[in-house]
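Shown here is one chain on its own, the form predicted on its own, set out as structure tokens.
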């Protein structure tokens, strides 16, 4: 009898794989064009998710002709998810943006040359600022471009163009974790390494469907030799919940109450590591007083989790030797996500499960370079993890960059949602969108699209001219994609990875880095960035900026050392890997084979070196269920073969074949029966903001009173409710009030 974990092990063969091999000879192998035998191989870090897998790209005359997963990369060890295998395919798409496009007087996007595009960009953005002030222009960036480009954009916008407000789409995936870590640990510092998946004896996954969203991380769990207990806390019985050893299914958005209930039981049973808590934390007495009210009976009544399951979960966490707690979007994308994340951190601290192998309160990020954005985008934080509000930080950054300190703002920019609101108020009149698709991905999509149309000038810089946002633009700037440029990524475990140019960008498309370089010159601030000649020169500047910061990378020997995949921050000179011996990091006994976890010494980045135990009173979701909309809409990743808005993954026939052939709404059998709905029928899913059609998938895994729709469909965000965590400003995509029924004759078509 196979264990649940073994049942989810990636398989080399199976009906779907066999069909794909019949229909596409060579599926699962590097796709080498005839007559282009590889003559060399180089390694790149995958450009999709935050896992940070190594891919060996096979070259013919310096150009990529195929790829395979890197066998010796510490992240993926020869494995790749479907997206990784197809990483090169989106580069050859027929709808690539190949020349600048400018909207003419008839409302049509027409090709123009780069000189015209740059002159138009500069003239119109400066005109808006001249009439409405510097803060009337903003930018929205991404976690999909390399770190050096993020840094260049943020510095150009803030220090060169006088832009006050700029944010990134990483606000949609990791802002909650950032704030939670900063407040609890004193710095945005995910403490773990992927080796912890293999060393835990208890793993708690909260709002995280690793099997689908991060399959290579799941494979690390499969490799765990300790027969771990795998507790999955999720309203749905996801693929991961089915593979775990205990599924805890709270009512949607009651997870904060559940976590306080777990703390109550742990404290009441004496499972607190008092030696660790007393030496390394503050706030225990206050937390204990707070959770005293969260009795098992109360928590069970509010969450729907029975008392026995609550106590069993608390016992596993409280008595396990090596307990790790992992969370992702199910926690982050919530109206109270920051406090929920901090409640997870509290459990790790209470039980002393941090700083040791197989432990930690561990946030898993979404995008390939969200961690790079967190440290270097110059939006919520000053370059290198510094603070806009601290004069000594502004002076340090100004000195290293050779700029006047007066050009550095004294506070961070507005968050994404406030920039969107600023458009509605007429305060933001010009917007520059880089490598993201706001018109698809932003919450309450219909409202977002209408607001973008109100702008005086919208610029979209992207690989493709066909995204929903690019189609609304006044100016489109064609950008190179992953593997058509150079730079670095930072993955979820703080590991640096390399991106190299192994393919030519089509037409007149340029890397984002050199678009920023050209805009700086056209704007008249090129001299400010005279040292920013290429990505590696910027990497060296960023190293200087991190000196004496928790994220210090001054010890890295340039791109050559990053290329090995063994660098995790912090990485000072004294932390360098001795590649001639064991691969261990000198002076750090926790860093075997380049695996570096934080807080082994119990010292945190707060002024007193202690972690903070933090809490609040739970609040219900802002949108209430009603007779008209009695069901809770849950959203999330629907398949391992698609990525976010599908802008790139939709270009691959293989990934399209692996994905569902239609959009499906999961609905419980009892809810379906009440509405006369059968499996496979086309139904209408409605909220007070809009509607979409989908096929009904009748399944008990979603739970009564709830429905689930994949986030990848452009129509899903017609339904979502624009609620935001008050601390992180992250949108709450995971809860909205909807109804599902058979379509009515008056329903608008999709």
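Quantities reported herein were computed from a predicted structural model and do not represent experimental measurements. Residue numbers count along the first chain shown, from 1.
What follows is about the form predicted together with a small molecule, which we do not show.
J.: Give a yes or no on whether every one of 68, 70 and 487 sits within 4.5 angstroms of the small molecule in the model of the complex by heavy atom.
T.: Result no, not one residue of the spot touches the small molecule.
J.: Contact between residue 212 and the small molecule in the model of the complex at 4.5 Å, heavy atoms?
T.: Heavy-atom contact with the small molecule at 4.5 Å: present for residue 212.
J.: May I ask you to check whether residue 144 falls inside a 4.5 Å heavy atom distance of the small molecule in the model of the complex?
T.: Judged by the heavy-atom cut-off of 4.5 Å, residue 144 is in contact with the small molecule in the model of the complex.
J.: Given that the small molecule is not shown alongside this chain, does residue 712 nevertheless sit within 4.5 Å of it in the model of the complex, heavy atom to heavy atom?
T.: Yes.
J.: So in the model of the complex, does residue 196 come within 4.5 Å of the small molecule, heavy atom to heavy atom?
T.: The answer is no: residue 196 has no heavy atom within 4.5 Å of the small molecule.
J.: Of 655, 243, 317, 206, which one comes within 4.5 Å of the small molecule in the model of the complex, counting heavy atoms only?
T.: Contact residue from the list: 206.
J.: Heavy atom within 4.5 Å of the small molecule in the model of the complex: which of 596, 644, 158, 264 fits that? Just give me the one.
T.: Of the candidates 596, 644, 158, 264, 644 is the one lying within 4.5 Å of the small molecule in the model of the complex.
J.: If contact means any heavy atom within 4.5 Å, which of 366-374, 548-556, 286-294, 608-616 contacts the small molecule in the model of the complex?
T.: Heavy-atom contact with the partner occurs in 366-374.
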